[in-house]
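There is one chain below, alone, in structure tokens, taken in the form predicted alone.
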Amino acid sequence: MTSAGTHIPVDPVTAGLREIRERLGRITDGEVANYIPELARADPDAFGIAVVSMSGHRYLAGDTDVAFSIQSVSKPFVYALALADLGLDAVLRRVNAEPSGEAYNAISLEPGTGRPANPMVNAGAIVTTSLIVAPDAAARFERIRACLSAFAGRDLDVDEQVYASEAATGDRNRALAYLMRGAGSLVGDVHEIVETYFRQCSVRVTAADLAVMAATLANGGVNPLTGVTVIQEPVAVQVLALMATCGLYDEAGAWLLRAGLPAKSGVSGGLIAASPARLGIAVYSPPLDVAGNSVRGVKALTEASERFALHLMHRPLQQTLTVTDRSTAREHPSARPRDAAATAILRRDGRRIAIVSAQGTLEFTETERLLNEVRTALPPAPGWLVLDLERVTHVAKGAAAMLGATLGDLVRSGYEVAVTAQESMAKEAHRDGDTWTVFAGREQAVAWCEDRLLAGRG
């Protein structure tokens, strides 16, 4: 931690999100959805980006606490509930799993069976809603609301004004439902099913909520904030697969090619993506492109995927325990000979020299964990940090940028930083202009910090 009044360094993830938001916030392309009158009232300048890691850490930039209706971003989570209730085979008999290549509200039914193309288009989502096991419509919606709340880690409610607006203008969805009931793929009372679907789409969330929901899918169904198992991992895997191939409608192929992440969009301006075993990310920005996806959202998540090397097809390296030691020079001083006065000072103030050691490969998840350990270990500024990377064997490009940004910010905040690393690792992380110091081994680094501390004591 840092002392009162001391500059608190901005972590590199938040800094990256802020930079993306600042730059993309100037984009004025797209139109706010107006076919549902209540959605037309959204602020076109609202723009928030949120990330939640598997460790449960949040990274926020912009309007991440602005509430809006979840709309089609609800579809993968309700699909997860249907899979948990009935199993994949039973759900597939009623809703297919093929990319439609068509718009979200297209009439895309399989000849002969009337099955909708997939659960991410409106027709498929309506059938999916009907599959949720419950004795009546009220109980069915309550199970859906409770499921969405469990994914978000907090109790969610309904925007009644959006619901009324949906119900007043939802004739196309009603027509889709009647077509499917006529074809045999939808069973039940059309009015009750469609009204439940409208309420489902009207559940109120924020970008911060959606990031938690996406992170829960990325974490195999376990909410990283609450620790609650919302769905079993096989269900999470199936949902992520559908999101990857069908989540952005007729732009799903281009999205997977460029961003390479399971994702889902909604016409209120929400957009989520999940990086399995790494993070969940969400954007809120109401102006939409012609396919019904957030203009800024698509660009922001594409850039974030590239910046943090999140593409699904990126070859991950084997993960190991990253942080192997977190201590201070008081517990683990150097072996350098000291006189009695210096030894007394180091025994008293050695805790002002934090020591953090890591090993293995450093990609996003490992580096994020390492940097959080560093921030936890820091003494109040001014102080010293020994970052021991001698046993680190690989630093990914994005991880090197995260390391460099954090260490540079620590130096600017009043810390002196000593890094030990293999020569190749030191070159990857160190950049021209950086003012932290590289040593061949931990012993030399700790001794240097001790010398600097003692010099400050006269």
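None of these values were measured; they are calculated from a predicted model. The first residue of the shown sequence is 1; numbering continues from there.
One more form of this protein exists, namely the form predicted together with a small molecule; it is left out here, but the text below deals with it.
Visitor: Does the small molecule, in the predicted bound form, lie within 4.5 angstroms of each residue among Pro76, Ala97 and Gln238, using heavy atoms as the measure?
Guide: Checked in the predicted bound form: no contact with the small molecule for any of the three.
Visitor: Tell me, yes or no, whether Cys201 is in contact with the small molecule in the predicted bound form, where a contact means a heavy atom of each within 4.5 Å.
Guide: Yes.
Visitor: Does the 4.5 Å heavy atom contact test between Phe141 and the small molecule in the predicted bound form come out positive?
Guide: Phe141: no, not in contact with the small molecule in the predicted bound form.
Visitor: Even though the small molecule is not shown here, does Ser108 get within 4.5 Å of it in the predicted bound form, heavy atoms only?
Guide: Heavy-atom contact with the small molecule at 4.5 Å: absent for Ser108.
Visitor: Any of the heavy atoms of Ser275 lying within 4.5 Å of the small molecule in the predicted bound form?
Guide: Looking in the predicted bound form, residue contacts with the small molecule do not include Ser275, since no heavy atom lies within 4.5 Å.
Visitor: Can you work out which of Thr365, Ser72, Ser165, Thr196 has a heavy atom no more than 4.5 Å from the small molecule in the predicted bound form?
Guide: Checking each option against the small molecule in the predicted bound form, the one that comes within 4.5 Å is Ser72.
Visitor: Select from the listed residues Leu371, Leu83, Val267, Leu148 the one whose heavy atoms reach within 4.5 Å of the small molecule in the predicted bound form.
Guide: The residue from Leu371, Leu83, Val267, Leu148 that makes the contact is Val267.
Visitor: Select, from the options 34-42, 390-398, 55-63, 411-419, the stretch whose residues sit within 4.5 angstroms of the small molecule in the predicted bound form by heavy atom distance.
Guide: Comparing against the small molecule in the predicted bound form, the contact stretch is 34-42.
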